[in-house]
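Next up: just one chain, as structure tokens, the form predicted alone.
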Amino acid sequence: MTATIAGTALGPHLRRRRDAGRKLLAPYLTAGVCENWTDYLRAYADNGADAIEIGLPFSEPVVDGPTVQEASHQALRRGANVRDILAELRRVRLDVPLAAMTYYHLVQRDGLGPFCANLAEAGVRGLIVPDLPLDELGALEHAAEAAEVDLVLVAAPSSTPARLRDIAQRSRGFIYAVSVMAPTGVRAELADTAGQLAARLKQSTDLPVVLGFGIATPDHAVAGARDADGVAVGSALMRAILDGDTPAQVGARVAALRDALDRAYP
């Protein structure tokens, strides 16, 4: 019989930290990218992450840029799959919540209910599916709610005011705000649209708003968190892992992001 772990509930955890005055930090990791990938999860948690996004590798990651695509393909070449990834996560104990980020094809393949239940059984309490249109969300909303998994919705700078209000009402856990209409990836400057979108969302909801896409450096994190409740960092960390940084080295990068946020927003 498989051991069931509860994991840390996503929404309440982030609200508590946000309401205590802390800017949120959510680093991303492509599951299965290397043999010791769960060691990076521990490094993230030990160095100031408030939640961790876990990318479930997919062969056609259309919203991801070249770095996360490379990580996803490397994981698939190693034979990574959802079943084995969740089995590894069942053996990991972390004091921060986990949120899976993947594509709808993987979610629906074995059924929405079983997919969400398997996430919860592995201790994953959030789910982000960026390629699922808002208008087609209903069945997954019900499946996620039944499994006590927060379905996190994605807001983009192009979203109309009405669409942002709908996202704010239906998202759970937090809202993932996309800083720019482009694939994920490291950019030299944070787009002007980032702060504008975060400010618009916060007029419509009390949910934490976490800004992602293009945030790579401590300066980016500080700038992104000015109008948002926190930031997600993906490609910059994955580039370091793909280039051979150890968990300790990547943990130091996360610690630098944490330190910059804490210094800027004491």
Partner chain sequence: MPDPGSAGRFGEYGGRFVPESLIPACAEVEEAFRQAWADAGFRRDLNRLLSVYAGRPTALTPAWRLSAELGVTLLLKREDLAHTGSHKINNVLGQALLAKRMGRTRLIAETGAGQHGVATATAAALLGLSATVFMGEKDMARQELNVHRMRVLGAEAVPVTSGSRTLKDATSEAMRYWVTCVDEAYYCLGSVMGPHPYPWMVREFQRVIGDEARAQCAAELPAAIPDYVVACVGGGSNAAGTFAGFADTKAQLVGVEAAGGAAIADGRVAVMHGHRSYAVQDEHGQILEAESIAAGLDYPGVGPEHAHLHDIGRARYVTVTDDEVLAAVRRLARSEGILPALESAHAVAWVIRAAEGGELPQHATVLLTLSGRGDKDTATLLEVAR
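Keep in mind that what you see is a predicted model, and the values were worked out from it rather than measured. Positions refer to the first chain, counted from 1.
Another form, the form predicted together with its partner chain, is not on view; read the next lines as being about it.
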query: In the predicted bound form, segment of 89 to 97, 73 to 81, 142 to 150, 117 to 125 with a heavy atom within 4.5 Å of its partner chain; finding: 73 to 81
query: Heavy atom within 4.5 Å of its partner chain in the predicted bound form - residue from 63, 222, 199, 34; finding: 63
query: Within 4.5 Å of its partner chain in the predicted bound form, all of 57, 105 and 163 (non-hydrogen atom); finding: yes
query: Exercise: residue 195 in contact with its partner chain in the predicted bound form, heavy atom 4.5 Å; finding: no
query: Any non-hydrogen atom of residue 168 within 4.5 angstroms of its partner chain in the predicted bound form; finding: no
query: Residue 69, heavy atom within 4.5 angstroms of its partner chain in the predicted bound form; finding: yes
query: 4.5 Å heavy atom contact, residue 113 to its partner chain in the predicted bound form; finding: no
query: Members of 140 to 161 lying within 4.5 angstroms of its partner chain, judged by heavy atom, in the predicted bound form; finding: 154, 155, 156, 158, 159
